[in-house]
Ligand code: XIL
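Next comes just one chain, in structure tokens: the form predicted alone.
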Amino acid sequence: MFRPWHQFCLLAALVAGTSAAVAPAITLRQAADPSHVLIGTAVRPSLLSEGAYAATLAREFNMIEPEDAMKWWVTRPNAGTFDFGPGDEVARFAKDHGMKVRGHCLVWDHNNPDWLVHGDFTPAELSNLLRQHITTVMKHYAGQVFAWDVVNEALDENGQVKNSLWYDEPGIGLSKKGTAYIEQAFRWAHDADPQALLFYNEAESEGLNRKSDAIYAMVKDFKRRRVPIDGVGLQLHISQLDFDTTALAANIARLTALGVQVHITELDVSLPLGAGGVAGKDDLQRQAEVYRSVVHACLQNPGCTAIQTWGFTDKYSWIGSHSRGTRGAALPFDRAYRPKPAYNAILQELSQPKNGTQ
């Protein structure tokens, strides 16, 4: 049953006390609805029991994606066992609050369990394992997950297919055949759930560079040969406040011209932290303009259909541990769930008429 967001705000206030943020008059998801764009965030199911976390999530977003709960190391802790518990928590929360779920991810060269990485499997055995995994996971979530990152980060900075378990170490029997293993994964995914949208997701390919050129060429080839690909996910982990939004818009335009959707999948904008782990006021304003420009670039193209941040509160972000505390403050809400200038910029941009219409 859908539970009104104001009930969660009350719960958050009870849990967090006087530090609980006051809910804005209009939310991100309310502002996004007229533009027919999904506004989402990555989540951790272990945090759904925290009142302020759940309240903010339910109030502000109409799409969620698990950070880890649908990856190999969680869903398949050993060869003979599938564990859907954490992922099911995410799916239940989404159903209860009228949200869509993105699945992340089915094929990646990171975050694989030791039994798989060190199993000394032959290419034929590995191929069977991957097909079984894709099929089992997607069928379990059929009708619950509307879009999947089928393959994640398969290319290097030069646009070449990376050496990996799935490609050539030992691979699934398609070693040294370029994007053939990616194609095979998409075909298996389509067979498992023909209704799901299938995405290739990649980092550092948001602008115009060798990697994004290679993605464009791959998608063009796949579409020509009717490989079932529906979209490209652009991660957008941004660390530069002079981010080139013009190049982002151009890349979105050329990809959508091929007949695929684009999702912004892992947006955050990290800042240098000063004494006490606090970001500078001017940097927070500049960060807000980066968020605004990214949202604007997406909204100007009807083929860009979702904008998702990688987490939503600075209280829980990968940036701090990854940078050893030198960077952070990357998300739209601060550690006390108060909206930051970045939140206001996103909200204002979503509230603008899209393509000249209300």
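Remember, it's a predicted structure, so these values are computed and weren't measured experimentally. From 1 onward, residues are counted along the sequence shown.
There is also a form predicted together with this ligand; it is not shown, and the following applies to it.
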{"query": "Contact label in the model of the complex: N209 to this ligand, heavy atom within 4.5 Å", "finding": "no"}
{"query": "Close approach of Q132 to this ligand in the model of the complex, 4.5 Å, heavy atom", "finding": "no"}
{"query": "In the model of the complex, N128 touching this ligand (heavy atom, 4.5 Å)", "finding": "no"}
{"query": "Interface membership of H263, this ligand in the model of the complex, 4.5 Å heavy atom rule", "finding": "no"}
{"query": "Options 70-78, 283-291, 161-169, 253-261; stretch whose heavy atom lies within 4.5 Å of this ligand in the model of the complex", "finding": "70-78"}
{"query": "Heavy atom within 4.5 Å of this ligand in the model of the complex - the one residue of Q184, T245, N112, N152 that qualifies", "finding": "N152"}
{"query": "In the model of the complex, the one of F222, Y141, W108, Y216 near this ligand [non-hydrogen atom within 4.5 angstroms]", "finding": "W108"}
{"query": "Partner contacts for 301-328, taking this ligand in the model of the complex and a 4.5 Å heavy atom cut-off", "finding": "W310, W318"}
